[in-house]
Each structure stands twice: as structure tokens, then as C-alpha cells.
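Let's start with one chain on its own, the form predicted on its own, as C-alpha cells.
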Amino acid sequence: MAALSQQPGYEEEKLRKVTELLPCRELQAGFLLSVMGQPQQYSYPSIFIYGHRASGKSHVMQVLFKELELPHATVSCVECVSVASLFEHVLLSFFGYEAASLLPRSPSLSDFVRIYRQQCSRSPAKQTRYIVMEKSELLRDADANLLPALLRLQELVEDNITVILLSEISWDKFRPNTGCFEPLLLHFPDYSKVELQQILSLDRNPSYSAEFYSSYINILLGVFYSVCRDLRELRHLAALNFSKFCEPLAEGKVKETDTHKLWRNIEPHLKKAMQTVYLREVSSHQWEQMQQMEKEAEPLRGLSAHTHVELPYYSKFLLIAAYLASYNPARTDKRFFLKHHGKIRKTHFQKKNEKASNHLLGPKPFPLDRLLAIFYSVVDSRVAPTASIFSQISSLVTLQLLTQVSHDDQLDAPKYKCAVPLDFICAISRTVNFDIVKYLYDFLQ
């Protein structure tokens, strides 16, 4: 607190506002301001800030530049798909549209430096200019000379400018092999449980007391902290489940101080919500609708958590292929999925020897190679067997739509079973215009 509020060159009122907006990040903000110095002083040429996702890197920079009114250009390396867009965004932020329009169609680094120098001579910097590069790890895939040039841009353009790189990886994995100017390193550690409690408690609903919302956050962290430290994800979960936590209170069954009864009511709900941590396959509104549907359709309780899951395009076909592999005999694959197979008929001999339909007997296990063979037959376009396809199989297992029945160490021939009912797979098939009933052996006429 003291380190941030005693920075020379900045108004005390603005520093106090920064302190209020940066809970649990006062130390990092104070270090940054000490490195940046007073607005009119030259700053360090480049600063590298790294830390895990949602550790406050971008938020600290946004608050500092906005509240202290420092000239800056924030560049997302995800949005700037080319070097030209990066140069244009920087010139536009500092010098306006006319300067950005001077760039040629395919500008080089020397073009950017030349135009920057020209504009800087016309309007020299009264304060340090800052370029903030978000998701800067993507710069490793850019031209080999771009990153070294950005790290010493102050020297190249002869201007009071500092480049700040924000990344989720450490500098040791970032440093180019050819060598470059070493930036100043600053690490943002993960928030501790106490810090998360303090930050999340600031989002309390004004209809309830601070102690009540703080106890709710304490319960939430008790469930999710062991599997999730992401502040944004925890904030999403807190907003998603708070109405469920308040249900007994709204119905007049308990009081705010009766934490034990509130915990017993919300515990099953939070454990079920753990299945969707980081996946975000449903929105907050959809999640509430799903919970309402579970109350109205109790017999489908075990399946309702998946009935509105929106799967990627190829994952739907993988699930369709898995269902066909589970409920069709392997001997029928050639007839169903090879061209010029002729008609498939169930003879009296087959009927007499079949004890029951495959759907009554339940899903049968199938090997991975059979799943992929059916998948490539039913999907419309040709798909290369990339790691993406295999990762989607793992995702289906994680979502409990597929069940792996072989041992984890059985890498050569893993086996799976489809874990979804007929109505679910029919709904999935309709979304991709695939008539699955025509490919099911039990429904042949």
C-alpha cells in the first residue's frame, strides 16, 4: 500500500484510486511505477510481465494507464494477425490516422521506424509512451527480427517509449535463439485462497450483507479451489450459483446466519457444477434452464446434464459413430458403410437365433480403429487423422458421453462404449442432418 501511494510525479488522489481498483496487486503495481518513473522521465526500454491466466497482468496495466492518464497503445497479438496491423495500430494510437495512412501496403520494420521518427520529430513525447503487447508469446511465430526490435524500440526510434510484453510463459521459454536485448522481468504470482476470497467478496449483491456473501464465497472456494485457481472462472461460478444458494433464504426456510443448512442445500449443486469447470459448454442462463428441466423430468435426471451440450462439428460425428459401433453388430459394418453393398435384410434364421435387440442388451464395447472407420464413413468431408480428432475423443470421455472400458495402460487397442440414449443421439444427428435410424441394425425393416 505504502509503496504504491508514495510514487513521486503522480497525484495522490489518482494513486489512491489505483490502490482501490487493484486489490492484492498493490506490490506489483508499485514496482511497475517505480520502474516507469515519473511521466516525463525515460523509462526502461522493455518490460516482460509473466504469470498464469487471470493473475491480473492486463487488469493492472489497464488501471494504471487509464487512471494515471498515460499515453499508451494496447495491442492484442491475437487480433493483430499481421505485422502491418501491429504497426498501423501503434501509429494510430500515438499520432492519429494520417500517420497510419503513410504505411505502405506491406510495411517492413524499417518503414515503421522511419515513419515513427518523422512523426516523433513533429510531435515529440512530453511523457513516456507505452506499447502493451498482450498474448505476446505469439510473437515467437512472427518474423525473426520483430521481437528483438520491439525490445530495443526506444533505441531504434530515439523516443521516450517503453514496450511492455504480457505473457503466460516465462522468459526462459520466450527468449529467441539468436539473442536479444534482455527486458526487465516481473512475475505475477497466482492469487492465494485468502486473496481470492477478498477479491470475490467485492462482487457482493447489494441485497445481501457483506458477511453473508463472504460466507458464500468461502463455501465456493472450499469446493472449487483445489481444481480451479482462475479468478475469471471462479467469478463466473460465483455468479452462476448464487441464486441457488439464496433459494432457502428467499423461501423463508432459513436465516442468513444458518450457514450449515445453506451449505447442505448448495453442496450437491456445486459438485454437479464441477463437471463444467473450464468447459463452458453452457451459458449461465442455459445452466439454470437445465436445473429447472431436471426438476420437471426426474426420470431423466442422469441424462439432463448433457441434453443441451453443444458439441463441435466433428465431435457430433464421433459420437454418432460411437453409438453405431455400440449397437450394431461388427459383422454389419461392411453392409452399412461400404458402397455397392446391396440391401440388408434380417432373415428368419437370424431372427430365430437373436435373443433380443441390441438396444435391450445395452451398448457393447468397440475398439478405437472400428470407431474411426465408421467415423470416416459417415462424415461428409474428408478428415485427416490428426491429434485434434483424438483429443475430441478424450473430451467425449471427459464429458461422460463415451466410457473407456479398457485399461489406461492398454495404448495399442483402447476400447470404448457409448453412454448416451437413443433420443439423445437422434437429437445430435438432426443437428448435422444425419438420419441415424437408417444405419441402426435394430430398426431394419
Partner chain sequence: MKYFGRLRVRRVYRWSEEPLRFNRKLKTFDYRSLAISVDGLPGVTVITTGQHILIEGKDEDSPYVARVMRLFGDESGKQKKASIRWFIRTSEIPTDKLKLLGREPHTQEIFYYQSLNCEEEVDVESILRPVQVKHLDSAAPFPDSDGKDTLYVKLSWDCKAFMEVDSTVVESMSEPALTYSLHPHASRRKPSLPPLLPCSPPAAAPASRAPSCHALPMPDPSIMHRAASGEARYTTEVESMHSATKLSASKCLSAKRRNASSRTPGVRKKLELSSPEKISCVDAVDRLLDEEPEALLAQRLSSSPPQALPLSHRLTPLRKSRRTPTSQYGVPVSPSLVLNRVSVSDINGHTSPSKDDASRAMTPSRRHPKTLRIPTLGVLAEVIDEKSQMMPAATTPRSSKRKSAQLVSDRIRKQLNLLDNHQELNSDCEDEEEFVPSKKELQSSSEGEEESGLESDEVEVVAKRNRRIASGSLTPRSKQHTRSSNRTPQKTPSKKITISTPRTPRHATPSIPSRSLPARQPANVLEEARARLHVSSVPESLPCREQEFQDVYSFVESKIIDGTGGCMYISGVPGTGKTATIHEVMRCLQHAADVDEIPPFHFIEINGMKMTDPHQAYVQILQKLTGEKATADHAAVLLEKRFSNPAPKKKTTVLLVDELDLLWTRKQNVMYNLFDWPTRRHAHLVVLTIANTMDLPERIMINRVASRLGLTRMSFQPYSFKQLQQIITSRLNKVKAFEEDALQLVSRKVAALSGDARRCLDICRRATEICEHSSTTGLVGMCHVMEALNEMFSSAYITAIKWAAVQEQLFLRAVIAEFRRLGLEEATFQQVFVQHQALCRVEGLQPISVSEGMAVCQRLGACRLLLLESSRHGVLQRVRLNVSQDDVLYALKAD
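Positions refer to the first chain, counted from 1. Owing to the predicted nature of the structure, the values given are computational and were not obtained by experimental measurement.
Here the subject shifts to the form predicted together with the partner chain, a form of this protein not shown in this document.
Arg175 is the sole member of His89, Arg175, Lys244, Arg204 with a non-hydrogen atom within 4.5 Å of the partner chain in the predicted bound form. Among the residues Arg335, Arg140, His269, Arg235, the one placing a heavy atom within 4.5 Å of the partner chain in the predicted bound form is Arg140. Not displayed here, the partner chain is kept clear of Gly252 by more than 4.5 Å at the level of heavy atoms in the predicted bound form. Contact with the partner chain in the predicted bound form, defined as any heavy atom within 4.5 Å, is confined among 92-100, 254-262, 178-186, 368-376 to 178-186.
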